[in-house]
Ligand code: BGC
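Before any questions on how it binds or moves, here is one chain, the form predicted alone, in structure tokens.
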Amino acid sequence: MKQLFLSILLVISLIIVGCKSQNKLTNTTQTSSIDQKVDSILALMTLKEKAGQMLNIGLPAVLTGDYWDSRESTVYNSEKFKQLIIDYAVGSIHNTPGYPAEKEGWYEILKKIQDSAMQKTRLGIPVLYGIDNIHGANYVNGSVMFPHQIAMAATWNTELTKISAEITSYESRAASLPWNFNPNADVALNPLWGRIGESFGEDPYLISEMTLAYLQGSQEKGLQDSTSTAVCLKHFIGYGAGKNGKDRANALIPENSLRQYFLPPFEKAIQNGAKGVMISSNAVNGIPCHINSYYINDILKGELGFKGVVISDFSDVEFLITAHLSAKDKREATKMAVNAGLDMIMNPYDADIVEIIVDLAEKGEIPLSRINDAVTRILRLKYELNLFKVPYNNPKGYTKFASQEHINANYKAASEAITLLKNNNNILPLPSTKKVLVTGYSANSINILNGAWSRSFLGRDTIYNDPSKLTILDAVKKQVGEANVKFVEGTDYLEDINSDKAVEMAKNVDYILVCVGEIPASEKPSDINELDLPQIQQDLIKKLSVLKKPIILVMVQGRPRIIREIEPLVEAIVMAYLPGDEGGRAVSDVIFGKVNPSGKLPYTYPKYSGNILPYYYKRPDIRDINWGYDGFYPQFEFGFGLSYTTFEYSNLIISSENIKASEELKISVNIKNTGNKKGKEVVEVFLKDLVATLSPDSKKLVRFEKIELNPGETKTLNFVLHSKDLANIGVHNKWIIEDGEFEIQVGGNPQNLLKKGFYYQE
């Protein structure tokens, strides 16, 4: 009966809206079908119903017990459920029931919520469910868990990132989860920031391309497709630039830097149809991002033309009071945030925000036009996701969930991410007939391979691990046979466990594999005060080095940890990042030669904690103590990574040594595999502005392509640059190109690039 009532109301409303619209429409504009539906519902809504749509609560808010209780089953609190889902008709829900439900469990959760929202509320509007499925559908038990974003960036393979997003979307929708709080488009400038592992690194262009690939994999089939999810870009803006490297720390970002480095990844994704944006938890230049109208209203919704939903992060409107000290109470904080452009407030615990918004609107402190704009965006996304017709999905229809096809894609991503940083005398790959000691904190842990956001928020709960997945130790044993492998843990993250035993056991092996790593953590729990690899893990390597046996260092970590003192003591270094649940197999296959490594660093790996610079530093940044310009001290440079074969670059050609505005610059270069193994190479194209009014960067990445070559094979790659590629933000905070000399740099090793100069004239 309720659905019939709604249908009648919709018809009446469409007639009314249609009549009113005739006065507004011109012969060149047409209102879309979805917009008509949105307008029709909006016309029927009370102010309270509109405010309800602007609330995003946490699922535990409608379950029994305290919000943070551990729940082994989903038991609804009938009173809270009725109040929030039915009486307040909340627009959106996030979070998990305290355990990683399987897809069938999620189906039951969503079915209960959506049936109640659509059958027991006046207008029957479905709920928009959002989740942090950031490296695979990590909150759906049994799904594949991909490498974290920093590892995907290390593949320099946009197709792999696109595929990972397609699979993540598929397995999320198998659990009826349509809105993904991902990808992370932050520019990560300080590796002290733990969430660098969830980012695509330090370079705006690489981040832009990877973010776009993830967006395409998630959305390009169309949001009404039952295997697509809407993305929610995060975090707008400057989250990865905290001045002290801590999570949610204040950032200082001049306008020119904001536009040069931080906006481009968001801009590109928005231009290509991103449907959600999450606001950054921190403050920029002392202004909390959640109340920065210039950033949200003027830039995001104005300049960038964003038409999707702008959502707060967890409790961040409340944190305007308790953390930022920018508002005296929740009423003032809500007023500031909504007027600054926030459409949806993640107020996880209760619905008091709804009454506050109603009161503010009734008193004219929030314009009704602002409320209508927010609700329009929310309803539009629900229609685009087809939630009014298909509010949840039967998991039985998703036969590829956790399939071998998906597992293979996951393994391929982990394999291509692994970056070989050192290989003295080509000690790798190791022979599979020798005896190996495997030791170290990350040697025998699935949780460290997966990192945070893995079935649980921190990813430390071992009870949810898939027993079929291999740790590094498991994979090495499978590779060379248990008889050839000895194991001792050696150390915990910060404590010595049995390092002396490791030294004793190492006396009877041929090679030593030391696996170091970080404790799984995200957000505030990932804060650290020192970038050095924990001393106890370094000491293990120092003790083992006395034996003069070859040591292979494997690093399982999202961010680079300083290894300056131990780097000379090891023969090879393998960076695994946070490779996901196929990471153990991938690491072993690289070490023993089944996989030829092809990853390249997506960030600059520092040698000293006091010399943290991105590769696009300004020249004064590297002025050394002798007034020279050699003060850039990376352990390994951005874009660096070795292979088991060798590549030779030659015949770099550019189409002209003089170009003018609007002209293209065509580039070609030959790459030859000069070794004896098939291998993949990332061809990196950098541009250097030699002289500019605003001090130019050392260089900037403008193109890249990953190719595969057989031994002796040569390929010619062609790239085209446009005038926008030459532009930089000038002194008036606008994109400009100044007449003058530029340089093209091409190669796969940042220390050995081919170079060609040209002159640009307006």
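All residue numbers refer to positions in the sequence shown, first residue = 1. Quantities reported herein were computed from a predicted structural model and do not represent experimental measurements.
As for the form predicted together with the named molecule, it is not shown, yet the points below apply to it.
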- prompt: According to a 4.5 angstroms non-hydrogen atom cut-off, is Phe636 in contact with the named molecule in the model of the complex?
  reply: no
Requested in this report: Please run the contact check for His235 against the named molecule in the model of the complex: heavy atoms, 4.5 angstroms, yes or no?
Outcome: yes
- Message: When the contact criterion is heavy atoms within 4.5 Å, does Trp453 count as touching the named molecule in the model of the complex?
- Response: yes
- Looking in the model of the complex, any heavy atom of Arg195 within 4.5 Å of the named molecule? yes
Among 379-387, 209-217, 311-319, 484-492, the stretch whose residues bring a heavy atom within 4.5 Å of the named molecule in the model of the complex is 311-319
Checking Glu267, Glu166, Asp132, Asp589 against the named molecule in the model of the complex, the residue with a non-hydrogen atom inside 4.5 angstroms turns out to be Asp132
The one option of Glu332, Asp466, Glu664, Glu523 with any heavy atom within 4.5 Å of the named molecule in the model of the complex is Glu523
Checked 371-395 against the named molecule in the model of the complex; residues with a heavy atom within 4.5 Å, sequence order, are none
